[in-house]
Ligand SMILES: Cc1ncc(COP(=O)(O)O)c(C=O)c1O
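The data below hold one chain only, encoded as structure tokens and taken in the form predicted on its own.
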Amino acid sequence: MDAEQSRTPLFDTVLKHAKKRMVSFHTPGHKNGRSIDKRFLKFAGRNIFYMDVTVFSEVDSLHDPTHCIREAQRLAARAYEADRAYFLINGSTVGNQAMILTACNTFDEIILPRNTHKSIIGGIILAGATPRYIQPIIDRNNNIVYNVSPQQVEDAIQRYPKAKAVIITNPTYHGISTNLEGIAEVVHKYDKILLVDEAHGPHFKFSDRLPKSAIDAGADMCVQSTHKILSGMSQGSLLLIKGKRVDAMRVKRVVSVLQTTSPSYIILASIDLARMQMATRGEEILDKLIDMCDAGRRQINRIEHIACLRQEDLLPGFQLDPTKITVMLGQSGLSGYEVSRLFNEKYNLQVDYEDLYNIIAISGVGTSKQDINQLVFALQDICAKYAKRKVIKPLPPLSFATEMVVNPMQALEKGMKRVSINKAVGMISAQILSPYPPGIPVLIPGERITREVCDYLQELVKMGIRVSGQEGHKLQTLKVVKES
């Protein structure tokens, strides 16, 4: 173990300042918690508010770090074997935007899978770039969207040779990783930049039982959500850079433009601590977590009418993150929405995601054996009491073959209007619409709206599926470009 990794320079500095109990004539206005509502104060305690400070020389500046933040970022880069690391306090959203704004100028083309997080689309809009999509592999039997393969990436680069970069989401929300090393080889063979949204993989670096981390696989930049799996506070993330293909000074400028000038030192300190924890004890912690999840998966797979996604269930060329527990409700007749509601109302459980066919329970370094047992018990009880012994009606197929008329930024610049979904055919979309499942955007700003898309959306409404991005209780209108 690298002895340096036991240090926590940022946390230590903030804690040292908090212990001084100094009189505050700086922001924030709660003044060390003195004005915080008594209900909040009673629950949280006073100490945390002494750590909620503003930027001054003792605690360093996130935008121009010279000591403790700079040192904490250096240690993070070293832990992940990257060249540089930036602490993010706006989550991986700001990291995805920073990667795209670094790699692309206005009208530059960027290649990406269609099943991408909306923050990536946001980054493309901010950069004024033009997206070129790859359709991900879909497992129709299990109703799960996979990733893209190296061959698909190479085919896309040959179709769009002017593309500046490729951005891959790895792992997917279901914890499925692709052959990222193979993709890196392809991308670099054509002298492109590889960006990776590794929001759900901040733990990969620290266990040989997990898929290879993006930096180790050859990514030029990646973003990770320290808060999703590790012990960082919500919104805490890392942006990592390796190699010479990315302009490091441009990255610094872009990150500074995007991040707040009033960062949360509580979030920053938690990133520092989470890095230390993983770098010093990560293998031990993750071994325990993986063993617990594997045991839970085996128990769930003994429950009639449901199944838990396993490595052997995946298509060749893909690897499962065993810390993600995807429960396929199969023949139970229960939708993920119904099971999630029952979890909340009767079992005091909250999962991260549900769709028509699945629920996803995201474990983390704080997950206990008791937590896993409670999840298993709830599924056993629900299947015994509520299973309907029928198959849920499948979603209609959709080709996703939609024409990109203008790039997303141009679509939004033209202004928008609302029209009835029945009258939108032939017009240009001015919004993102993503039904779950399968989580692939059906419409993105700048795309031509087809009859197939409108029929598909109306079928989802009949099935009671809410589409992310819709307005109102039912999807009755679409936002379109005014001139279309």
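We number the residues from 1 along the sequence you see. Everything quoted here is computed from the prediction, not taken from an experiment.
FYI, the form predicted in complex with the ligand isn't displayed, but the following is about it.
- Contact with the ligand, judged by heavy atoms within 4.5 Å in the predicted bound form, is confined among 196-204, 76-84, 265-273, 135-143 to 196-204.
- By the criterion of a heavy atom within 4.5 Å, residue 90 is counted among the residues contacting the ligand in the predicted bound form.
- Interface membership of residue 117, defined by any non-hydrogen atom within 4.5 Å of the ligand in the predicted bound form, is confirmed.
- In the predicted bound form, the ligand lies within 4.5 Å of some heavy atom of residue 169.
- Not displayed here, the ligand is approached by residue 227 to within 4.5 Å at the level of heavy atoms in the predicted bound form.
- Checked against the ligand in the predicted bound form, the candidates 323, 213, 102, 237 yield a single residue with a heavy atom inside 4.5 Å, and that residue is 237.
- For the residues 318, 357, 173, 343, the 4.5 Å heavy atom test against the ligand in the predicted bound form is passed only by 173.
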